[in-house]
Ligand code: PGA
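Coming up is one lone chain in structure tokens, specifically the form predicted alone.
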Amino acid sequence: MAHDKKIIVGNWKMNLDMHEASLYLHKLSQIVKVHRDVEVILAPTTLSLQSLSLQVNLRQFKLAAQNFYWRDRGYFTGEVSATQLRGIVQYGLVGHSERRHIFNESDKDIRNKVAAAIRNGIRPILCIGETAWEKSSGETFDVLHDQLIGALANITSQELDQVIVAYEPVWSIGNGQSASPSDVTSAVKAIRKQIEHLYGAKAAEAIQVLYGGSVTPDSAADYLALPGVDGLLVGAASLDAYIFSEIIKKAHKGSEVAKED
């Protein structure tokens, strides 16, 4: 099922200070037209979120947290909770491969974060994907299966409506190595099959699935045209307003073509 809206997420990671972030948002808002068929989500560093939430036009862009702690409040020095992010962000990345592999977040942490986001009215963008070693060992589908089950264990079918899944093969992030169309198609198919197994066919059709991994303006349209891909999670290419706006344009054009078909 093709969804009405394509979702384009720009993950800035640990880049842009508050001043740079504000300038970037100003520039992007000037060059990106509002398209009803594209939801553009920006994920700046936590430090910039509040000031950008006052600057952003929510008709044009939504904001996402790159990370948060799963408890709502308490003795957790240095952490920020989903409760504190309420009203500032509309989305939250959960389980990004850098959180899993650099910061050793477990399936249990990720499961708790998905639930915390939903509990606080924030839509989780759940990132899943295999490493190079897992891919070469033929374990891609097992990994996707385990990460999905691990993350969604406590989620009801009603709550699942709030969840977006991003397939990001770890081996293709930040190194310019893009996944082939057939890799992405089969992974997205496997994700929907697993959702069907857990929640039924209707849920599998309705869930929005994004692709992330060295996306560029050149590859964006190809990925967006793949069956079952509802949008993109963009890393490095989202740090340049002009390059990112090209990717947004491709998403809009792709939706227009799909409507004509």
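No experiment lies behind these values; they were computed from the predicted model shown. Sequential numbering from 1, following the sequence displayed.
Keep in mind the form predicted together with this ligand is missing from the figure; the text below concerns it.
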{"query": "Interface residue in the predicted complex among A236, I31, A206, A221, criterion: non-hydrogen atom within 4.5 angstroms of this ligand", "finding": "A236"}
{"query": "Interface residue in the predicted complex among Q194, S48, Q66, S214, criterion: non-hydrogen atom within 4.5 angstroms of this ligand", "finding": "S214"}
{"query": "Answer range among 39-47, 57-65, 206-214, 223-231 for contact with this ligand, defined in the predicted complex as heavy atoms within 4.5 Å", "finding": "206-214"}
{"query": "I164: touches this ligand in the predicted complex, heavy atom cutoff 4.5 angstroms", "finding": "no"}
{"query": "G121, heavy atom within 4.5 angstroms of this ligand in the predicted complex", "finding": "no"}
{"query": "This ligand contact in the predicted complex: P181, any heavy atom under 4.5 Å", "finding": "no"}
{"query": "K13 within 4.5 Å of this ligand in the predicted complex, heavy atoms", "finding": "yes"}
{"query": "All of R100, D109 and G150 with a heavy atom within 4.5 Å of this ligand in the predicted complex", "finding": "no"}
